[in-house]
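As structure tokens, one chain now follows by itself in the form predicted alone.
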Amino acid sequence: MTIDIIAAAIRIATPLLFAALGGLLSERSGVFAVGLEGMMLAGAFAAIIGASATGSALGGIALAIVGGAIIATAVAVIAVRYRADNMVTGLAANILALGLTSYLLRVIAGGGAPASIHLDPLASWPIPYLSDIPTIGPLLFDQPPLTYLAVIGCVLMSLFLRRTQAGLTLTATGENPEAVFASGSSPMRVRMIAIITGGAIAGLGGAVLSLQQVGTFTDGMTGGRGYLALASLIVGRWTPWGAAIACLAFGAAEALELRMQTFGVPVSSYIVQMVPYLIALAVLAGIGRSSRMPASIGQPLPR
């Protein structure tokens, strides 16, 4: 049973991790990533439409990146260029994505009911030899392609932030944008690129849901995962691997919740479904002031 829970935790954590990595870019640059939910939802919608239209999962994945980036572009322009409040802008983007995807789903069907698109979920890609290792092999090396990509994304993000000039400039923008400006770089350009790129990565999280896990799109299918990804980012102290561990923890909590329902625990299913979010609130409350966020996050750039 423990192996099953770990496997479920990895599956559940994968879309959260993509969103958390995207949010990491935004928040490291100094902009709250409240709009992750909308970026994921746009990515999930675009992925299923793209895969259906092109007959290729790669087409769906490419369009998911575009979908997430479009919502992120709106956030970047309003929050950075026009200096609007980050929280309000992010929440507005989430509501926009929810309404827009629901509307477009019905426009595609040509009637009042939403279009019904069903595709075969992405199959696992077993890694030769490694997948044959007892217990660990099927668990870690027999996963769908986007799960591998999420792990690779963690490695690349860590290297980018620590070992590249662009990554150091991004971090500096979130800490002291005036110093970045004095060095000859544009904090506004850095923030806008970070948000849009982060939205594209979060869109991949949506593609995991629609292409890899269920093979279809439904209204509001992200179900608050963008907010869990944001909580994972904070719990992980704005680091790629810290966020990955937090995503796995939340994934394990949700896996246990599903197990509780399977075992017929005499508790309302609605209460059980609240468990991951209650855990997130408890952890965030426990961290409190000990969590040091980027110094200039949420602050508009000087004119």
Partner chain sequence: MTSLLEMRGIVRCFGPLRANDGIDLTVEAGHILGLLGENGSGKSTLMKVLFGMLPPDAGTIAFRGRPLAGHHPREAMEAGIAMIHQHFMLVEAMTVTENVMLGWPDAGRILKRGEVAERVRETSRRFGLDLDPHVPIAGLSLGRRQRVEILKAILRKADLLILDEPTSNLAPPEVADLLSILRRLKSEGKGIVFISHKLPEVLEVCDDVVVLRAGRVTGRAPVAGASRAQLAEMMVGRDITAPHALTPREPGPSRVVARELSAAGLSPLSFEIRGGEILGVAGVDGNGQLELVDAIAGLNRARGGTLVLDGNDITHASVAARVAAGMAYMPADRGHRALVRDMTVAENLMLRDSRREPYARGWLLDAAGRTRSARRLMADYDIRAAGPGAITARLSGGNQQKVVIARELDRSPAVLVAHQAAWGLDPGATRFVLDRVIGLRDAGAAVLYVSSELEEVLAISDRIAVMSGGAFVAIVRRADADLRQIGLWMAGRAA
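Fair warning: this is a prediction, and the values are worked out from it, not measured in the lab. Residue numbers count along the first chain shown, from 1.
Below, we turn to the form predicted together with the partner chain, even though it does not appear here.
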Query raised in the report: Which one of Q213, S131, T218, S185 is close to the partner chain in the predicted bound form, taking close to mean a heavy atom within 4.5 Å?
Result: S185
Requested in this report: Quick one: from A150, L122, I196, A172, grab the residue that has a heavy atom within 4.5 Å of the partner chain in the predicted bound form.
Outcome: A172
Query raised in the report: Would S116 count as touching the partner chain in the predicted bound form under a 4.5 Å heavy atom rule?
Result: no
Report task. Using a 4.5 Å heavy atom cut-off, state whether L156 contacts the partner chain in the predicted bound form. Result -> no
Requested in this report: Would you check, heavy atoms only and a 4.5 Å threshold, whether T73 touches the partner chain in the predicted bound form?
Outcome: no
Query raised in the report: Given that the partner is absent here, does Q165 sit within 4.5 Å of the partner chain in the predicted bound form, heavy atoms only?
Result: yes
**Report entry** Contact segment among 204-212, 123-131, 173-181, 138-146, judged by heavy atoms lying within 4.5 Å of the partner chain in the predicted bound form
**Finding:** 173-181
